[in-house]
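Only one chain is included here, represented as structure tokens and corresponding to the form predicted alone.
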């Protein structure tokens, strides 16, 4: 057994933890897990714990699409915990959790593993002499359930002191937990919606950033429930309130870890971008519609993309504007690209694998992003910039045709992702609900 496994086992045995939850994220962005008793953990760390491969074919309602690639006769895969991810589980004193890589029976990487897809993208970057850094800004709401309805926790507006003090017990426990498990929160605020919270997670290497976001999402919902609240990262939970996004900050340094930001430079003096950053930016723009299917992964996600909102509607970039697909933040200590298409409901491992592949394609092809869109693009319009997909169906069609993203994720993941998400779209368009009756019933 490796030194890292030995030291993790020693840490766990001295912590009072009685069970370990071994988890992986499915294609919907949902954690699937089994709990392991401590006496069996050495074996699980070595060989993993088996799951039916059909488990990744469920959609977000745990329904099994008729045309899914995996069925009840498909071979199992094994979830092998990554010892580096061991942390105490949120909301309990006697359970720990680890995130797993998925392998086949003989230990080879399973081609359907999202974490492995991201590892491959990171390795490709290293072959190009690059190491990317990623900072996430997830937004989510907390509210009180009230007889099946929603009771907002406050009426505070954007970035007020009242908002910071709205839910002190919940926020104290959340921030204390994040500090305990080594997730650095640079700042947090109440966003524009009542009870909407945004945190800035300090940048990390891509795999560690995705792990940290996954742990944050789970802690947010778990601890909210323990405080009598509902925590949700649904992209557009309320028609008359702003949606929740996931902003992704991307920069790069050399693969040797010099710490020098290679996106910072004067090749583009107006924006302070290096030539490398401009090529990466162009790659992200080229593959933007396909990336949208990974970052905005639910039917509901596309109800957030509204003109005049703080969410993008077209594939273009701009300086400072928060309505841009890619925002170039005002020059601070480090130049970076900020992607604003995503929301926190999806699988960050797949989203990041796609982002890195798109950026690397731009770098390798030496693509030019063209000029930025001037002004406040949410008000002034996007000119001739191509529109983002307006529905999940449109985004999936673009993803299906993107060979760069297919190569990054692998056909096993991409084809099943398309199948699962198209089942969600089909369920949506066939559903008859209150909107249909309110709109049509009394008029026809």
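Numbering follows the first chain given and starts at 1. As the structure is a computational prediction, the values presented were derived from the model and not from experiment.
The same protein has a further form, the form predicted in complex with a small molecule, not shown here; the description that follows concerns it.
Trainee: Just to confirm, with a 4.5 Å cut-off on non-hydrogen atoms, which of 264, 173, 198, 101 contacts the small molecule in the predicted complex?
Mentor: Result of the distance check: 198.
Trainee: Considering the small molecule in the predicted complex, which of 304, 120, 87, 336 comes within 4.5 Å of it through any heavy atom?
Mentor: So the residue touching the small molecule in the predicted complex, by this definition, is 304.
Trainee: Counting only non-hydrogen atoms, which stretch in 190 to 198, 173 to 181, 112 to 120, 221 to 229 is within 4.5 Å of the small molecule in the predicted complex?
Mentor: One stretch meets the cut-off, namely 190 to 198.
Trainee: Answer yes if any heavy atom of residue 315 is within 4.5 Å of a heavy atom of the small molecule in the predicted complex; otherwise answer no.
Mentor: Close contact is absent here: in the predicted complex, residue 315 is far from the small molecule, nothing within 4.5 Å, heavy atoms only.
Trainee: Does residue 311 make contact with the small molecule in the predicted complex, using a 4.5 Å heavy atom cut-off?
Mentor: Heavy-atom contact with the small molecule at 4.5 Å: present for residue 311.
Trainee: Would you check, heavy atoms only and a 4.5 Å threshold, whether residue 285 touches the small molecule in the predicted complex?
Mentor: Although the small molecule is absent here, residue 285 would stay clear of it in the predicted complex, with no heavy atoms inside 4.5 Å.
Trainee: Hey, in the predicted complex, is residue 242 touching the small molecule, heavy atoms inside 4.5 Å?
Mentor: Yes, residue 242 sits close enough to the small molecule in the predicted complex that at least one of its heavy atoms falls within 4.5 Å.
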